[in-house]
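Only one chain is included here, represented as structure tokens and corresponding to the form predicted alone.
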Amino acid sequence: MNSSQVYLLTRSGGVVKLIATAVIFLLLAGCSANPIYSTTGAVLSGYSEGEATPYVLQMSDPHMACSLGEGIDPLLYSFSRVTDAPDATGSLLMLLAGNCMEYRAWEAELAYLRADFEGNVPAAKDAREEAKRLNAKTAERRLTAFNRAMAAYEFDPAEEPLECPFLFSEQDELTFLLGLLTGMQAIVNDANSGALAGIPRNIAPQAERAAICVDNEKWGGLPNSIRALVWLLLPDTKPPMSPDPWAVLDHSSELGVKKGLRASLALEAVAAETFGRPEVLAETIAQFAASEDKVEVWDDYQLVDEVAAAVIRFSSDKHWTANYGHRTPQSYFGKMSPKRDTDSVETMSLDDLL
């Protein structure tokens, strides 16, 4: 055997050892794959709930936040295959993903209104159908968010008698409250889709009952706004001697401005559109626009206020597009027509110059 053959044999032995070592390593890694996944899932869930969620709730860009929901939810929730489902964080992520889909539905609805204003029937029909489909997808995502929120706190909204869940932190209170709101939104989206999503309507009375589990004053009147909306949808759920739902919505909107969390105003605008109250819609939009200069937004939950602002602006844009063919001009936000207010304009008296 010459020296080259010895070298090759020696090298071959090294390769075999290397391969054997790699196989053993892979086998060991394979044996511990599930524990690694489980640990990773637990770490990601803990980080998302403890750090990422508070950060996102402070964001001022609803579109970026909704993109986060669409992008992260499949990754984070995939760990529910190997560990406990991260329902609390998953509820908020799916809520954000639902917002993304709704923004697309809004654009389709505005396209429909523009085409209708211009008398372009085929374009109007196409945009209308697209809006319905997008509303159906939004409703499905929001139903998922509602179910996750209820599961996160082991709360059965249909249980008799009602037992409020244990909400240990402020973030838990908000997650639960937004879950109820999202369930209501799912019903509205499904109605706008022509019932394509088949959202169960019994969510409404369940949300009405559960809303009493969260402090109304602390959360800017949002719990009572949810209850009042249900009373309008299902009058039989209104307790005896309770005030008029429109008065409750109006009072809740004032609370929302004081608290710096104007979600109640958005709910009042949705109610005004749903039940054909144009005068209430005009007042609500004007109230929101007037509050811009004086409201101190709740920093920890700025995103909630920004999402509410987007809802109000869309309500205004719908009115302007239907009546004038374009969105609300920036300088006219809070007004329902391009008519200038000349009452407050001071005019110079020509008599003084004569």
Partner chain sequence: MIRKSVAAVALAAVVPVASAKTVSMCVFDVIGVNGDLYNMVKDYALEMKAHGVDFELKPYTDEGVAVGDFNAGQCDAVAATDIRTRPFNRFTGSISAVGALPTYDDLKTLLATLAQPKAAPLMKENGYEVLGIVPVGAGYLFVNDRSIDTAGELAGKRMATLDYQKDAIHMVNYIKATVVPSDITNFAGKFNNGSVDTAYAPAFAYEALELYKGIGKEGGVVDYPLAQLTMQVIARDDVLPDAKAQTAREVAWGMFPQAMNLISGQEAAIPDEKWVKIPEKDIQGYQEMFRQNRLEMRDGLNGAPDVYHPKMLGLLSKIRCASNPASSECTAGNRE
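Numbering follows the first chain given and starts at 1. In this text the structure is predicted, and so the values were computed from the model without any measurement.
Another form, the form predicted in complex with its partner chain, is not on view; read the next lines as being about it.
- For the three residues Glu160, Ala195 and Gly276, a heavy atom within 4.5 Å of its partner chain turns up in the predicted bound form in every case.
- Its partner chain is not drawn, but in the predicted bound form it has no heavy atom within 4.5 Å of Ser91.
- The shortest heavy atom separation between Gly119 and its partner chain in the predicted bound form is within 4.5 Å.
- Under a 4.5 angstroms non-hydrogen atom cutoff, its partner chain in the predicted bound form has Leu233 among its neighbouring residues.
- Remark: Asn202 counts among the residues lining its partner chain in the predicted bound form, judged by a heavy atom distance of 4.5 Å or less.
- Residue-level contacts in the predicted bound form: of Thr144, Asn99, Gln206, Ser252, one residue has a heavy atom within 4.5 Å of its partner chain, and it is Gln206.
- Only one of the listed residues (Asp73, Glu140, Asp87, Glu109) places a non-hydrogen atom within 4.5 angstroms of its partner chain in the predicted bound form, and that residue is Glu109.
- The partner is not drawn, yet in the predicted bound form one stretch among 162-170, 119-127, 255-263, 211-219 has residues with heavy atoms inside 4.5 Å of its partner chain: 119-127.
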